[in-house]
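Next up: a single chain in structure tokens, the form predicted alone.
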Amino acid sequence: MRTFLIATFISWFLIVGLIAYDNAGTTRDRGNAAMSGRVEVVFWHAMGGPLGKVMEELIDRFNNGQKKYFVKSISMGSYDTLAKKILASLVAKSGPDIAQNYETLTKKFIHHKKIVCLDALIASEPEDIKKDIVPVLLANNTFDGKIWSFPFNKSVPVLYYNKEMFRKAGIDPERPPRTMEEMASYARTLTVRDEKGQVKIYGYSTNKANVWMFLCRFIQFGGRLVDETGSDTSHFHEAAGVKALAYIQDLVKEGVANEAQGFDHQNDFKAQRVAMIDNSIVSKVHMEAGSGIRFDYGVAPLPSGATDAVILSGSNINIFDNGDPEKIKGAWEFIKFFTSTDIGAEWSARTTYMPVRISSLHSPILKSAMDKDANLRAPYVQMDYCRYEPRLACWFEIRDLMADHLERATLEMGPPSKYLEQMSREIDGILRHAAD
């Protein structure tokens, strides 16, 4: 296993060597005068667009609010590039001080002693920060009883629906579907065809090879995810997996739903070519940017199956152990600031990302935002039954494999078991290899 990790690090290093390290145009640096005498904390991230703009404003507020530390923000453009650059930089011993990261890499960094355990920093604070962290986010960032990362930009899936189309179809616009059965029924009612029977407006749309939504449906039907020890076999071929895949297959076959490439279903929703879509709550910010959504729409919790369940998405933040205690202190001060009660509430209100702290949920800032926009409420309804994906080093590889099989399943429309049994066998092979 060690040989495999070393080889992986070297491979990524060679790939990233082709990427320019000057980061021209991606660095938020106010010049030496702005940080004269301060401890510089280098922050690598993948935030962009309207969400990145909010983050940069908050970073500026931190930098301008004290004179000891200066956070230098560097965008890597994408999460994939960010992960590769972090791995490569650690081999070269030139890594960032803090960075966004997914749990799968956090486990590698713990094993190779590249990041700082946050327990001592949390314990040094006069307030009980740990008690104030949203429970599912605390669990998501805890490994073997220790906190090694801090939640940063976490989101949940929701249902977007066109209220005007609901009214036209005779459906109460304040009564979105609450179950998958209801959503299927609504999709049939909302689908509009021309005189030749061709679909003009689909009742529902999702994106192709949507692993996230498949996993949500899977656990809603009572499915069990892969055990984090990696010793377990996968269960996607069992009854819950068959139901989860058959659900979308049947709607597509019936002609009341479609699967779009990438975020095309989001664009179709804005163009009123589809009545309902599932997507991250963060899509709300992107869809409202620019010309925005020009019709009355609602955001609702994801319709449930046998049980209520949704899966978290998004990254956390790590502090890297670069041998400088002052940089570690500065990184921790920034994390405390960014996830503090009021700043966390503002971050959530402006981006729709989940707040880290329970106290942020009760902040007047977030309450005021929800009073002004009821569509912000949907994520918080789901917080009590949020789960997270297995934090296995091989999970990204498994996800890619799942996407291939799910896409083939809705292209060929064969029996769900045909694709899921093969998918499970291949996943089990990955798990066996990873456990060696």
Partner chain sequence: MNKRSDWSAYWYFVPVFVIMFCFQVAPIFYSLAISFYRWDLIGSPEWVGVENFSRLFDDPMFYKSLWNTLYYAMVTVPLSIGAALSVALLLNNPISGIGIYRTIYFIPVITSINAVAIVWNFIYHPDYGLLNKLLVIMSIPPQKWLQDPFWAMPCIILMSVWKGLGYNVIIFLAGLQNIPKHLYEAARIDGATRLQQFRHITWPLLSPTTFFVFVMSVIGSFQVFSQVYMMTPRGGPLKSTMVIVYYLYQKAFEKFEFGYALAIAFVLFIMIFGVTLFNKLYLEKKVHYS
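Numbering follows the first chain given and starts at 1. Note that the structure is a prediction, hence the values are computed from the model and not measured.
Keep in mind that the form predicted in complex with the partner chain is not shown, yet the notes after this line are about it.
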Quick one: of 53, 391, 408, 38, which gets a non-hydrogen atom within 4.5 angstroms of the partner chain in the predicted complex? 408
Taking the partner chain in the predicted complex as the reference, which of 321, 119, 238, 268 has a non-hydrogen atom within 4.5 Å? 268
Within 4.5 Å of the partner chain in the predicted complex, counting heavy atoms only, one of 260 to 268, 301 to 309, 143 to 151, 126 to 134 shows up; tell me which. 260 to 268
Hey, in the predicted complex, does residue 112 get a heavy atom within 4.5 angstroms of the partner chain? yes
Taking heavy atoms and a 4.5 Å cut-off, does residue 404 contact the partner chain in the predicted complex? yes
Taking 4.5 angstroms as the cut-off for heavy atoms, does residue 365 touch the partner chain in the predicted complex? no
Flag residue 400 as yes or no: does it have a non-hydrogen atom within 4.5 angstroms of any non-hydrogen atom of the partner chain in the predicted complex? yes
Are there residues in 79 to 112 with a heavy atom within 4.5 Å of the partner chain in the predicted complex, and which are they, in order? 83, 84, 87, 88, 90, 91, 108, 109, 112
